[in-house]
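Have a look below at one chain only, the form predicted on its own, in C-alpha cells format.
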Amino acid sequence: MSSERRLFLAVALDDDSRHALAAFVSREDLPEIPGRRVPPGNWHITLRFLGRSTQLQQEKVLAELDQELVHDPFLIGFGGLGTFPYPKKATVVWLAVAAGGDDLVDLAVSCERAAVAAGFDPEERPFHPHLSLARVRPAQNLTALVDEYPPFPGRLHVDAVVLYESITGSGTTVYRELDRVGL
C-alpha cells in the first residue's frame, strides 16, 4: 500500500437515509437522472477535500479536528436537484441541502481550519453543501430536469465528521471510512 492516501472530510449518510434516497431517485414516476450515477454506498456530503496525504498529515488533521469541532449535532433537510457548473451545461447532478445548510457551512469552516493547521493548502473554492448523484459526460442541458424534479423529503442527523480514503482502480471508486470525529 502506498504511503500516501487520497483523503477527504465529509458527512456520512446513515443507512436509513441512504436507503430512502436510493428508493426516491429510483421511483418510476420521476425523470431519470442522466450520467454515471454515484453508487449509494459512496454518497456523502464533502466538507473538505484533502488530497494526497501521509499518515502524519492524517493524524494531524484528526487531532486538529478534535480541537476545532465544537458543534452540537444537528439535522439537515434536502431539497431538489442542482448541477455544476450550471443547468445548461451540467457535468455534475447533485441533491441540494435545503435546511441546515448554515450548520454545514460552519462545519466546513471548522474542517478548513483543521486542514490548514495540519499543513494543507487553503481551499480556494467556496463551500457549497450538496450530495453528488451523477457525473455527466459530455455536458448536457438539464434545466428541465432541475426545474421538474421534486425535493427529497428526507432528513439526516449529523453527529460526526468522517475521514474517508478515496480508492480508485479498474474504473470504480470506493470511499473507505478511516476515522470519525464526533460533534
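Because the structure is a prediction, the values reported are computed rather than measured. Position 1 is the first residue in the sequence shown; the rest follow in order.
Although it is not shown, the form predicted in complex with a small molecule is what the next lines describe.
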Worksheet item: Is the gap between R27 and the small molecule in the model of the complex 4.5 Å or less for some heavy atom pair?
Response: no
Discussion item. Test of understanding: in the model of the complex, would E59 fall inside 4.5 Å of the small molecule by heavy atoms?
Written reply: no
Discussion item. Is R36 part of the interface with the small molecule in the model of the complex - any heavy atom within 4.5 Å?
Written reply: yes
Worksheet item: With the cut-off set at 4.5 Å between non-hydrogen atoms, does T46 touch the small molecule in the model of the complex?
Response: yes
Worksheet item: With the partner removed from view, which of 63 to 71, 141 to 149, 27 to 35, 123 to 131 is the stretch that lies within 4.5 Å of the small molecule in the model of the complex, judged by heavy atom distances?
Response: 123 to 131
